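Next up: just one chain, as structure tokens, the form predicted on its own.
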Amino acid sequence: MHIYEAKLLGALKGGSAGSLEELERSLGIGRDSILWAMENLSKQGAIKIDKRKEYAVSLTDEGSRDLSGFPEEELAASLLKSGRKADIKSIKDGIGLMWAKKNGWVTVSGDSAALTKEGESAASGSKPYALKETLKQIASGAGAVAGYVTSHDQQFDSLIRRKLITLRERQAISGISITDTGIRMLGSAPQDDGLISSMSREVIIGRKWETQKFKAYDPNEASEPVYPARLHPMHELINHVRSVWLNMGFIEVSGPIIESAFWNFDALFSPQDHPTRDMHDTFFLSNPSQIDIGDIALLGRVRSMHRKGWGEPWREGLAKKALLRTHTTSVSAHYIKKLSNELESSYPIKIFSVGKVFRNESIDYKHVAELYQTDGIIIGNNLTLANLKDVLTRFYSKLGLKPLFKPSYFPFVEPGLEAYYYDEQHKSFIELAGGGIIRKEIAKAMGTSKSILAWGIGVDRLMFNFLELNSLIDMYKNEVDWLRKRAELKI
């Protein structure tokens, strides 16, 4: 038995200890040494360690702001000044209205909200708002946690639901006592082998390493988990996707997330009355609401392409609408125009992009509003669909997938195809990519007569093959514990 273990058992023989601080004062040795001895003795059943839950509470940024006044308080004060009634449409703060109604401060009838007597008391300050008083108590640190742990006070629950405070649970030692096994162990003389078992404060101050040796380290001993810094799994996958394209001889390019409808839709021959332009699929912006195109000649060619191809009027105002790009194919469109006058010796030109895109669509296990795509194009001579299938097959083979292909339609390619695979976990087919040969009308409008292969690949959906996920949403919960402990990607 080590001398530290013997000292600890001796201190506990007369009764239990309430905290580590008590043991530090009575034993005269450092906390690390005591913890080491406790760990060893606990494994041998010589001591019993009782633990309790503790909570660390803190205000969020929103909670700090609400210290000066809750939204429902401000609403009640506003109604008191304006004659105790207001049109619902004039009340901009829906949170304040919701909580004022829940507190019984206002009643809603038809299109108007009226202040009640309880609301008048709250607005005049004659009756303190209990929720605000609790928040102030937490801010001052006076007994807030104890109140929550012992009674689960409703005020605390409300503050947590409103994300005004955060609670962090932790285990704390509430008592340490010796067992019968520990008493028997005390009968044997302590064996102080004179070895240093840990680098404690006393060892450093006393420079004991100069006269004593260190105890051999046992790698099998239990230790605290260590969580080194690591990338988010999506960033890991994106980096791998990027390396695959680079190793296949492609050059990486990028483009803006905020784009004009011209480059996102019109330049890609998507008709102006196509359903994907509706608000339910596309996030249009109000500031800026429009983005100028600038290239008058290009505008003219695209206008002619639409009028001839779709037989419908083409409106420049719709093309200028600002939006969050719905695909990274908009980046490819920019570069088809940019690379239209390269020297013949430069072909074939192979480029790719990786970036975030936005879709205003229903959320399910394989659909999210924000996702990552990787797009690519090859510009050259006499390129065929067989060349595209070969590129996609080689790309997916680097990711351990064997894609299946089927014909498909996209406004900007002819012919077109889709790549997909069967997901065993969800028992369904997962679409991986869409692509084809860029229509000659588009190539001509962009200023080139070359043939162009183009494709767009959903990166997020690849994650089903590399990480056990029930839904893509699981990746974006920002749960630190999951990020620390999640499995390595099986790439």
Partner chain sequence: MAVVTFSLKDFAANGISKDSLVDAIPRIGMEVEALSGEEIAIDITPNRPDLLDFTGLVRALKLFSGKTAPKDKEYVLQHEPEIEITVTKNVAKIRPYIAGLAAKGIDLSGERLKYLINFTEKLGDTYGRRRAKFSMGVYDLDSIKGRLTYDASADGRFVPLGLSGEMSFSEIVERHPKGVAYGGAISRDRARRAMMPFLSDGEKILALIPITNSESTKATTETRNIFIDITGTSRNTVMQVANLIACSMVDSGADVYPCRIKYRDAEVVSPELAPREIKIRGIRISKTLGVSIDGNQAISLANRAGYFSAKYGDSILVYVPPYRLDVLNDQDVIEDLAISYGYENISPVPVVGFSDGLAEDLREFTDSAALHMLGIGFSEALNTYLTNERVNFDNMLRPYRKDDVVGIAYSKTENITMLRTSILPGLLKSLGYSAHERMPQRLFESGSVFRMDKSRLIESSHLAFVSEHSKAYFSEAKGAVISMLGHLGIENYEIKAFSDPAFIEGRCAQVIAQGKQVAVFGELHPAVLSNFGLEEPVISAEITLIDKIEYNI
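Small disclaimer: the values here were computed from a predicted structure and weren't measured. Each form is matched to the other, and the largest set of C-alpha atoms that superpose within 1.5 Å is called the rigid core. Positions refer to the first chain, counted from 1.
The same protein has a further form, the form predicted in complex with its partner chain, not shown here; the description that follows concerns it.
Residues with any non-hydrogen atom within 4.5 angstroms of its partner chain in the predicted bound form fall in just one of 101 to 109, 171 to 179, 203 to 211, 125 to 133: 171 to 179. Put simply, E39 is close to its partner chain in the predicted bound form: some heavy atom of it is within 4.5 Å. Using a 4.5 Å cutoff between non-hydrogen atoms, R439 counts as a contact of its partner chain in the predicted bound form.
Though the partner is left out of this view, G96 does not reach within 4.5 Å of its partner chain in the predicted bound form, counting heavy atoms only.
Of the heavy atoms in R484, some are within 4.5 Å of its partner chain in the predicted bound form. The single contact residue among I138, V302, V354, L79, judged by any heavy atom lying within 4.5 Å of its partner chain in the predicted bound form, is V354.
In terms of contact with its partner chain in the predicted bound form, the residue from W314, Y396, Y421, Y335 that brings a heavy atom within 4.5 Å is Y335. By the 4.5 Å heavy atom rule, the three marked residues E120, L432 and I491 all fail to count as contacting its partner chain in the predicted bound form. Contact annotation for 252 to 277: residues with any non-hydrogen atom within 4.5 angstroms of its partner chain in the predicted bound form are E252, V253, S254, G255, P256, I257, I258, F269, P271, D273, H274, P275, listed in sequence order. Relative to the superposed rigid core, K51 undergoes a CA displacement of at least 2 Å between the shown form and the other one. Superposed on the core, the two forms barely differ at T448: its CA moves less than 2 Å between the shown form and the other one. Once the rigid core is used as the reference frame, the Cα position of F466 differs between the shown form and the other one by less than 2 Å.
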